[in-house]
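Take a look at the structure tokens below, where one protein chain is shown in two forms, each on its own, as structure 1 and structure 2.
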Structure 1
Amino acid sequence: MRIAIRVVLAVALPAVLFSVWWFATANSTNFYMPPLREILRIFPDVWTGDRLRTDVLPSLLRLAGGYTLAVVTGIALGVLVGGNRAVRAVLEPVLEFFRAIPPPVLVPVIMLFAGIGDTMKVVVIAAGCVWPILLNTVEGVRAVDSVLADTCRSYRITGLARLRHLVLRGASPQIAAGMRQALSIGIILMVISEMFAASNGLGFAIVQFQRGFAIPDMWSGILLLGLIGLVLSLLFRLVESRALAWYHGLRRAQRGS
């Protein structure tokens, strides 16, 4: 029941915005702002099975690859930095320097080393997604309950057992928050990376529509991009609610008391 309520709340605002878009453009004669009904009419003609396979699927695979790389790198480096004061003192200034660089600016640089293929696009996505995961992991590891840490030390729970049951479990709510932020960043960088020297992908298709003055087709691509973001967000919320059920139950119990 709670999951159904969360789904309704998640789609409520998009539904309102969708309605506003419909009525605001109902009588539009602006070439660059066609009516929403026209966009919806051509949507199934534009995004056929072939185009979904040649443009949308490659984009999702690049997003999955870059996001997975960012999650693994961000959590591993975050545990290292957050759990070791000396390492944090050495790496923190460097990390802050690179974090301040906007990922889209790195696209030309990454192209020099990784070429213009899928590797470049995956690296660009990973380079942008890693920071919220890394920083949230660092803060989550640093905030692990000291009493639980002392208990593990007393019972000589060390190594992988300590990492799994204390560090990662204690930091998991903040890690999940970083992963949620990184997902939206990844979708943005997926599109941006495909606007540079690409031959397929959702971002490539949208740019091609714009250059060919196929404005309704371009808007249909933007609409599809928003729908993909919404679906991925809902899926992430579902997985998060299952994985962190213990944490949400603890929060509800604390509020109830």
Structure 2
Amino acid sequence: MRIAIRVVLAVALPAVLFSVWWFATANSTNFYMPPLREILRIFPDVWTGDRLRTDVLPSLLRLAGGYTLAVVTGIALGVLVGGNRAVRAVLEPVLEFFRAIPPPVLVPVIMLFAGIGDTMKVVVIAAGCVWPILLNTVEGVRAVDSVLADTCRSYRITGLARLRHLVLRGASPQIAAGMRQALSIGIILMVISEMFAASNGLGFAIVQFQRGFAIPDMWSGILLLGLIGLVLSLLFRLVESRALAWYHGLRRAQRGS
């Protein structure tokens, strides 16, 4: 029953929006705004069978690689930068410098170092989605409760144990916020990275559709991106609700449910 309600809640708004889209474009003659009917009709033809293996799968693998790389570097760098004022003062301007450079401009530079293969794409994805993780980790680490920090110091809980039991756990709600942001940015960068020097991938396919004026196909690709984002965020929430059980429990308990 509970689950049924949640499913209804989750599906209600998308259903409304899709109906609006459906009826608004039903008689569309605009070349770039084909009827939703048409988009949905071709969707299964476009995104099943071969393309799943040749385009979608490689993209997801690159995404996984880039995201993992971003999480590891983001948290490591974030702990370093957030926990040390001097390091933060030195690195922040440099990091901000790179953060402001658009990926399409950065890709050629990355290509100089990482070539044009999958490594480049993984690096591009990581370079884009590291920022929300990094920023949130920095802020989370800076905001670790002072009484807890004193507790650790007085019990001489230092080094790795402190990192593990105090810093990372204390910052984990905010790190999770960053990781969630990074997930969708990763998908965006997956597409962008495949606009350069690619010969397969979801982004590549969408760009090809765009250039080939296969507009319904392009829209179906955009729909697929949204679906992937949705599924990944559900998975993320599942993992998060376990890892941050204490945090959600704490909030719920104090709210008095």
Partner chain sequence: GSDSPETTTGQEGSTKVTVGVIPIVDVAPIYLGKEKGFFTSRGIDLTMESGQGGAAIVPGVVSGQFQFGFSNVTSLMIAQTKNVPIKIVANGVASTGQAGADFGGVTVKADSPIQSAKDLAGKKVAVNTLQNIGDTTVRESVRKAGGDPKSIQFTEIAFAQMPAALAAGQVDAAWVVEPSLSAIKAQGGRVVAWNYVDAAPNLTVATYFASTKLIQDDPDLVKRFTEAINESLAYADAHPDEVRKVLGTYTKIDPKVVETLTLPKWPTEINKASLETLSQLGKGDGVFGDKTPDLGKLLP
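Every residue number counts along structure 1's sequence, beginning with 1. Predicted model only: the values in this text are computed from it and were never measured. Think of the rigid core as the biggest set of C-alphas that the two forms share within 1.5 Å after superposition.
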Index of the chain form predicted on its own, chosen from the pair: 1
C-alpha of residue 104 off by 2 Å or more between structure 1 and structure 2 on rigid core: yes
Residue 16: CA movement between structure 1 and structure 2 [superposed on rigid core, Å]: 3.1
